[in-house]
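For reference, the chain that follows is the form predicted on its own, supplied as structure tokens.
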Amino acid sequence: MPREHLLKIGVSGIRGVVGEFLTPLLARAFAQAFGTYVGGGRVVVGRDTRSSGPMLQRAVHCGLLASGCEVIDVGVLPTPTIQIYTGATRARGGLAITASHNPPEYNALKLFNGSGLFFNHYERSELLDIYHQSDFRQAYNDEILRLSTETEAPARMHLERVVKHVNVDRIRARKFRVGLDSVNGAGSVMSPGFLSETLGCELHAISIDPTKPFPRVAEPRPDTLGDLAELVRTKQCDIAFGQDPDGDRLAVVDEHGNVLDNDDVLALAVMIALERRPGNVVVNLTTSSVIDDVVTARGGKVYRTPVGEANVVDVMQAVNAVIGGEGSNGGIIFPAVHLCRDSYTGMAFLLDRMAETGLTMSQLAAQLPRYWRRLGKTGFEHGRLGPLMQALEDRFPGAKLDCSDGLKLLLEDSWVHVRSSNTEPILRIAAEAKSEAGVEKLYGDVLSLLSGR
């Protein structure tokens, strides 16, 4: 496999398989480039629970100190917590060492500016120029600043922001039985206390030991959360939550043990937010049309962006969005807490809605319009992306085209979106239709064309 496929620089930072491709030397150099770009000052550093985390963490410390930065290490914490703390403390920037939903052999450096937001296109370009030119600031002995730790304030700050937007007393009064699977990731540190102590739930948790490996596929999806679904049925939980290793993505299981589609989870959060304050909503191109139905019914407007949290956030700021996110990955972005994907806001919203209405999780989900969705992926040869996209256009000549991120084909009662992954050397395929037969046919046709079958 070509080298560039195992080391990828995208909208969130630099990511790759640890070892030959993502090395401590590279992490140190990238951190030193980051420190040079932000101009010294305080930089917040945190990580998830991957075995390569401590090694890369020390490399990042080295690079930042060498560039004249003061390092505030917050340890193992969810990515949204690191982002919120970075912005709230007026640091010059932040770095999260996490590969999010990717397998454990991957790791990454996620980069945040002084507002605790992912670097925009211009910031990334300037940083990469510094990195590729190796034009790093080298701090002299008397310019080297300190490394300190802060383990309690970030989590407290994050959760205080979340609970301002729900009725905590109402949630606590219901004494919900809640299941949790944090995949032994960064959420293992914060989520149990948030659900049991802050929100007063009776907690039944699995995979909340941050010292152990991921026990399942890192991405929380219906096909990876079988143990959590079984926990719901065994313990008769009212609801259950699944997280990815860095705690920004959220999956939800209803009281029957059925895992909700991630797009429906986002749609419910959008519905809750818009009923409090109408306005604009921003989602990516792969997010379900259920969002359009929910937003239109409440007098709002939907804006769509290329996939990637940074892309969604850019447009959310431009249109003053009430809420946004990325449905296919369970990413809820609620600006009143912070402009980042945040599973904790999603958990609080859904528990509050259940407490307010008296409805079960399955009854809340049943309020949404019904769409059928199919997600998948396939490999592709380097240099063949253009011809494949042209072949797709030719296969659906009457479709409306959106080429802002790969190719999205909008048909009469369905759509398909094909794009190269931001994090892996694959093509991602998303299809949606108003019937199960419709989506299976559309997905099958596209997959056959892309894979040459």
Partner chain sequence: MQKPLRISHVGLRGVVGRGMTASHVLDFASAFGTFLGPGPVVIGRDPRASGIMIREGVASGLMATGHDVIDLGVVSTPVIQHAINRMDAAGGMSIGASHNSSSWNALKFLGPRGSYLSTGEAGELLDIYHLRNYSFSEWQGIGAYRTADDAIDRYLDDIAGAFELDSLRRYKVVVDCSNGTSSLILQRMNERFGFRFILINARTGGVEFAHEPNTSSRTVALQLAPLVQPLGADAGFLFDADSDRVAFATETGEAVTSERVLPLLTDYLLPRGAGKLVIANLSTTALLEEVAARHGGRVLRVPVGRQAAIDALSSYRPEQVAIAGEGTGAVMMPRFRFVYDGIASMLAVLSMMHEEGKTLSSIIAAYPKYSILKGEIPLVTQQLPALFTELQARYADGQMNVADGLRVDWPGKWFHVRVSQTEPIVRVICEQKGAPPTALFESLMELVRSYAA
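Numbering follows the first chain given and starts at 1. Remember, predicted model here, so these are calculated numbers, not experimental data.
The form predicted in complex with the partner chain exists for this protein as well; it is not shown, and the discussion that follows is about that form.
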- prompt: Three residues, 87, 198 and 202; all within 4.5 Å of the partner chain in the predicted complex via heavy atoms?
  reply: no
- request: Tell me, yes or no, whether residue 32 is in contact with the partner chain in the predicted complex, where a contact means a heavy atom of each within 4.5 Å.
  value: yes
query: So, in the predicted complex, is residue 66 in contact with the partner chain at a 4.5 angstroms heavy atom limit?
result: yes
- prompt: Going by a heavy atom distance of 4.5 Å, is residue 133 a contact of the partner chain in the predicted complex?
  reply: no
query: So, in the predicted complex, is residue 222 in contact with the partner chain at a 4.5 angstroms heavy atom limit?
result: no
query: Heavy atoms within 4.5 Å of the partner chain in the predicted complex: which stretch among 37-45, 385-393, 413-421, 24-32?
result: 24-32
field: Single option in 336, 217, 147, 153 placed near the partner chain in the predicted complex, where near means a heavy atom within 4.5 Å
entry: 147
query: Among the candidate residues 104, 369, 278, 193, which is the single one with a non-hydrogen atom no more than 4.5 Å from the partner chain in the predicted complex?
result: 104
- prompt: Going through 134-158 from first to last, which residues have a non-hydrogen atom within 4.5 Å of the partner chain in the predicted complex?
  reply: 138, 139, 140, 141, 142, 144, 147
